[in-house]
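What follows is one chain in structure tokens, specifically the form predicted alone.
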């Protein structure tokens, strides 16, 4: 009896020490985590407090910003569609097969993600304007830009197709990563069974794997669209920022700041924040649907 009564305070004291250590743990972890969350909230509050609803509406009624909004919606959608179109087969191949050079391809796909944006834009500019030392049907020293203008009927550089290409060059890499994870999570057994029943690889992909990957395709398209929305460096270098021609919302912020129109720049920034929040909510909804 006596020994049990004496050990009770020791147990209570050990529990108190455990609780106090847990409190310190959550205090440190919560404090570090909250620092970033508070920073983002303060940034948003600073933007909202800087402008008024009237100034926000007036800035968004400017013809050049309306034109930039329309071009942004067009180019982001085209870049997202192209990204999904390319990322779906590439993500499938990287997920299902180990072919010669697959590791190298895996590394190359990630280059646009880690490459500085201005470097990517400069590389696109050089690609289209660097003379290639080829002879024959194209002639000596032909340029990709000249070939497109002559044979395809449209130039690219410093025009809206350059905006799409600059957005696609970055957003497609994120789509590939998303699609590879999607196919990694799909059991290939169903495809193997379909092939034993007479399906070709193409039929197994189209009729078995692809229908199961529809949520991943939507996620890849949404992420690509959101990434294209925030693209700035490659667009500025490769497409320029010409009013009513190659101006999108990200370059609108830069142009409004360059002429001292801070109210308009903040208004466009808040518009992009609202668009980004809508995209994030859609992704959360997709994630919730995939987990059920």
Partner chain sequence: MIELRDVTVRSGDYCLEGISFQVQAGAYAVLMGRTGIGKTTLLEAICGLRRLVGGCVLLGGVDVSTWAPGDRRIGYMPQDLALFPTMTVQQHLEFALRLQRATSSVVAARVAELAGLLEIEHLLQRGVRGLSGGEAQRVALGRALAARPALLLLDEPISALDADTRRTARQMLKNLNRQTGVTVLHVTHDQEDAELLGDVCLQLERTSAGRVQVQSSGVGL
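Fair warning: this is a prediction, and the values are worked out from it, not measured in the lab. Positions refer to the first chain, counted from 1.
Another form exists, predicted together with its partner chain; not displayed. Remarks below refer to it.
Listed residues 202, 100, 153, 198 were compared with its partner chain in the model of the complex; 198 is the one with a heavy atom within 4.5 Å.
Residue in contact with its partner chain in the model of the complex (any heavy atom within 4.5 Å), chosen from 184, 149, 106, 192: 192.
With the partner left out here, its partner chain still marks one of 171-179, 203-211, 121-129, 84-92 in the model of the complex; by a 4.5 Å heavy atom cut-off that stretch is 203-211. Counting a residue when any of its non-hydrogen atoms is within 4.5 Å of its partner chain in the model of the complex, there are no hits in 254-272.
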